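Quick setup: one chain, the form predicted on its own, written in structure tokens, and binding and motion questions come after.
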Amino acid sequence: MSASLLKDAAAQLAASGIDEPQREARILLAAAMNLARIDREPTASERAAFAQMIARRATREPVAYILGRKEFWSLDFEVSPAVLIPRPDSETLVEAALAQFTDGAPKTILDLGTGSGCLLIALLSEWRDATGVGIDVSDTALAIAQRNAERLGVASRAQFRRGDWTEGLDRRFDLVIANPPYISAREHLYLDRDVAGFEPALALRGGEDGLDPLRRIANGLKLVMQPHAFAIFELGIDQAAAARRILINAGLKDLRIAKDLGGRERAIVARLPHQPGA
């Protein structure tokens, strides 16, 4: 019975333009049955739950939102349409941060536009003595980030606050990290329905060239970075050169580009110039 159920569901997903309909049908059926893998026939209630999941996915709603969770850095995060879905590409920022602090972990981390909290929580899971602050303009996102921190055991070292990038912050940090919106106005016209139709536009759209949020962040970096601090930002396709200019104009130096697993320039790392006596 489950074989025919999966076949029919996969056909429904394929008709909606889903790239891997059979794989996604199996994922959703296992979730409906609360199993790691399908090893028995579903009950009537499980079949009904599965049908609802397939109907939602057929509208192109992302699987992560249907399940309410997404893995990032081998950690399980709660997600909803209030936050951007964590992606493997963003793990490049975590890797870049770990590579930058090989001689000693930072004591304090600032995560701008924290969303689900995935970047800050991933780093706190690696650096057990560090503390961090996550900033977001969305109260719903902040609530999700707080729940993720509590469930993943870092709540005592993480604080989540409502804010507009660096505005109003009155302390300095050893590491500033962010995955700001970077989709340009033109790119937004061609986004997949899964993204444009369901993920929060506030976390995607970065203005005409996609770099307006980075410009705003850059203008405030000197006020929130310790003299020895580093800043790491996620980039969109072909944004590295422009991002470099923005950060240099803001007074940062020693810029380095980190590539993701696909070889794309995914993150930019920078620091403040050395200050005598600092």
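Note that the structure is predicted; figures quoted are calculated from it, not measured. Each residue number is its position in the shown sequence, starting from 1.
Omitted here: the form predicted together with a small molecule. The next part is about that form.
Engineer: Just give me the single entry in R172, R193, R87, R161 that has a non-hydrogen atom within 4.5 angstroms of the small molecule in the predicted bound form.
Structural biologist: The residue in contact is R87.
Engineer: Looking at A105, I183, L152, L142, which is the one with a non-hydrogen atom within 4.5 Å of the small molecule in the predicted bound form?
Structural biologist: So the residue touching the small molecule in the predicted bound form, by this definition, is I183.
Engineer: According to a 4.5 angstroms non-hydrogen atom cut-off, is T92 in contact with the small molecule in the predicted bound form?
Structural biologist: No, T92 is distant from the partner.
Engineer: Give a yes/no on whether L204 approaches the small molecule to within 4.5 Å in the predicted bound form, heavy atoms considered.
Structural biologist: Contact check for L204: yes, within 4.5 Å of the small molecule in the predicted bound form.
Engineer: Given that the small molecule is not shown alongside this chain, does S116 nevertheless sit within 4.5 Å of it in the predicted bound form, heavy atom to heavy atom?
Structural biologist: Looking in the predicted bound form, residue contacts with the small molecule do not include S116, since no heavy atom lies within 4.5 Å.
Engineer: Looking at 127 to 135, 94 to 102, 173 to 181, 67 to 75, which stretch has residues with any non-hydrogen atom within 4.5 Å of the small molecule in the predicted bound form?
Structural biologist: The contacting stretch is 173 to 181.
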